[in-house]
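Presented as structure tokens, the chain that follows is alone, the form predicted on its own.
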Amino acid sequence: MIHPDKNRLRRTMLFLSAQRPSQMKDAYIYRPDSVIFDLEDAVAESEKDAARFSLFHTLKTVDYGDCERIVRINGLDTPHWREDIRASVAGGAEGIRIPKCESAQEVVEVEAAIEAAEEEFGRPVGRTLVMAAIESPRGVLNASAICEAGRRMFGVAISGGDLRKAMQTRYYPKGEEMLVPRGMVLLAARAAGVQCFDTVFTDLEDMEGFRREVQQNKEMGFDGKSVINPRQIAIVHEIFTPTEREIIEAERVVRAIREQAAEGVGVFTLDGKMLDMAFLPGAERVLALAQAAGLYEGDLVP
């Protein structure tokens, strides 16, 4: 079994309807880190087969370069999801997104179907990754089990629309209604060592509100955000990409901690701030993000 990079840079995941070939064929020009070809909500029930056919040919014929290609399949309570997986794997998609995931068993079933498709179509076993969308209170409560359910799992995404309805609330500018579920899903992802992504922001006229929400996502610890319009990509990349100052500071912290550790020193000060080994992973992550974004060429990334 091969082991693809689960921790690659995923600041943005751009949703695209698989029902619209014209939308899918050139989305890579906007340079999202990942695209999500949607076979679920964005496709009418009568068009599922046509969308799947379009998806397969897009995957086979369009060169997306470094942009990761993920497919949101239909739910496991529908008759479509197995064929969605077969078409996605046959076409060469890098990942499958499980919608409305509420249990670890759903992850297990999807992974089994993916492996069967990889064997059927001669794909290397293990190349197709999995992520789950948490969209309900039950999903939030089961997030830990979901995150740890499979070897292919690289991340989870929280989805605000259905979750807000289930929680009998609505969108608020400061995000109070989502703080608890966001925090719970983030904790589950971090405990399992997988990535975590925030929900879409649907008001395309409120770019300041979008910026505030993305900044909150960054401060909470998310890895990135799902987006629905190319206009949103630059803001997310700006906020989630380390600044020059952050890169310089992280480089100094990593270098100092490693040098002091080599001398047997566990706790020391740098620019008046106390440092120890607990600061190393965070600083290394900043450098890894900077390297993935093409902003760092040093030798300190582990």
Partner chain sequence: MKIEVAAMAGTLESSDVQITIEPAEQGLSLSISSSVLGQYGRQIKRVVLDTLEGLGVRHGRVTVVDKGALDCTIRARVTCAVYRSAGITHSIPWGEVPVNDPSR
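Remember, predicted model here, so these are calculated numbers, not experimental data. Positions refer to the first chain, counted from 1.
There is also a form predicted together with the partner chain; it is not shown, and the following applies to it.
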Name the stretch, out of 46-54, 32-40, 260-268, 243-251, where some heavy atom lies within 4.5 Å of the partner chain in the model of the complex.
-> 46-54
Non-hydrogen atom within 4.5 angstroms of the partner chain in the model of the complex for each of Glu83, Ala87 and Phe121 = yes
Single option in Cys67, Val62, Ile239, Leu275 placed near the partner chain in the model of the complex, where near means a heavy atom within 4.5 Å | Val62
Decide whether Arg20 counts as a contact residue for the partner chain in the model of the complex under a heavy atom distance cut-off of 4.5 Å.
-> yes
Would Pro79 count as a contact of the partner chain in the model of the complex, using a 4.5 angstroms cut-off between non-hydrogen atoms?
-> yes
With heavy atoms only and a cut-off of 4.5 Å, decide whether Arg285 touches the partner chain in the model of the complex.
-> no
